[in-house]
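Below you will find one chain, with nothing else, as structure tokens; this is the form predicted on its own, and questions on how it binds or moves follow later.
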């Protein structure tokens, strides 16, 4: 953990657990919010769309960070929970004509219910076996969607949504959708940061560090392990709801096991157990993916002997290699490196502190 800025001290535990301690930090946060507000007006349309997708993925990865990074429960079904939230959101909007500010939370609750069902075995199994249990959610999710009545979730045809509305204003422009999904990401990030400081967050960390000792200290293992899956799935479901309104069409092919694995990779690269790590990991992996997709056509023209699709096929190899390198050389992720940089800056020029 990085040292505090010079002159900062606390007289209460509540002050010590706060994330912002100095006027400089508050100013930096305000500047960040101003930048996010101005971003769709100063960046090209393609980059605005990329930032919107990143914001949606961030909500999903935050949920996985809570389940896996914060409480230590391996989850390979986060994409299924995201899909459940997307389909539930679309169904509520279509069949019950609910506005987006009700249908998206409804999708989060539906995903949380699915998370509870697949999180219950966490009391009995751990590690590899728990990973297989959560993978079952990913396998059963498309079967569930495809075999339920088409009026519920659209079956194999998927569901199309009307654009979100605020009063008479229809949110369908690129800028409007950006503010919708980025607003959702900011709200969910606020909840995630504050969860780590709560009684529930401390109980989840105790489970991750040593569940036997946590139980001796009075932590209800069944309740908190199930709650970890419920909260993580709820975040994924809300991310799925934002995804549904962003694309205005959902189908089962959009939520695959491959996506769940990449979400785990984002947690690894960013740093497990850190909410800031989820932010770093999401932007790093998805940003690298977009960079490879952008360079793909140029590389295919520069090296035609490798084939037109070779660079796109190799993209997964590059991303997987990045995750492996982080596991070897920076297992604590980008959040740890950021903490080290802050520490070095604050003690300079006294490196012996």
Partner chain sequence: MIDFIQYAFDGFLIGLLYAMIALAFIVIYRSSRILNLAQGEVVVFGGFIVFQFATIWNMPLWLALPLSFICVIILGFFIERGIFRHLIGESLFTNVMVTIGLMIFLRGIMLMVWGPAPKLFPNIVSGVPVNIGPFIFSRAILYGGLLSFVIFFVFYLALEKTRWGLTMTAVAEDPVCAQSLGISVKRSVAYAWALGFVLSTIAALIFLSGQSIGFLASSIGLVALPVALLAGMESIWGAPLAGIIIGVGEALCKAYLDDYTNGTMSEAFPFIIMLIVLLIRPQGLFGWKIIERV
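Just so we're clear, the structure is a prediction, and the values are computed from it rather than from any experiment. Residue numbers count along the first chain shown, from 1.
Same protein, other form: the form predicted in complex with its partner chain, not shown, and the subject of what follows.
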Point to revise | Heavy atom of each of 140, 272 and 324 within 4.5 Å of its partner chain in the model of the complex | key: yes
Review point. Just one stretch in 94 to 102, 74 to 82, 189 to 197, 108 to 116 has heavy atoms within 4.5 Å of its partner chain in the model of the complex, so which one is it?
Key: 74 to 82
Exercise for review: With its partner chain left out of view, choose which of 50, 284, 319, 292 has a non-hydrogen atom within 4.5 angstroms of it in the model of the complex.
Suggested key: 319
Review point. Of the options 268, 231, 207, 180, which one has a non-hydrogen atom that comes within 4.5 Å of its partner chain in the model of the complex?
Key: 268
Point to revise | its partner chain contact at residue 135 in the model of the complex, heavy atom, 4.5 Å | key: yes
Exercise for review: Mark residue 174 yes when one of its heavy atoms lies within 4.5 Å of a heavy atom of its partner chain in the model of the complex, and no otherwise.
Suggested key: no
Check your understanding: Can any non-hydrogen atom of residue 165 be found within 4.5 angstroms of its partner chain in the model of the complex?
Key -> no
Point to revise | residue 220: touches its partner chain in the model of the complex, heavy atom cutoff 4.5 angstroms | key: no
Practice item. May I ask you to list the residues of 283 to 297 that have any heavy atom within 4.5 angstroms of its partner chain in the model of the complex, in sequence order? Key: none
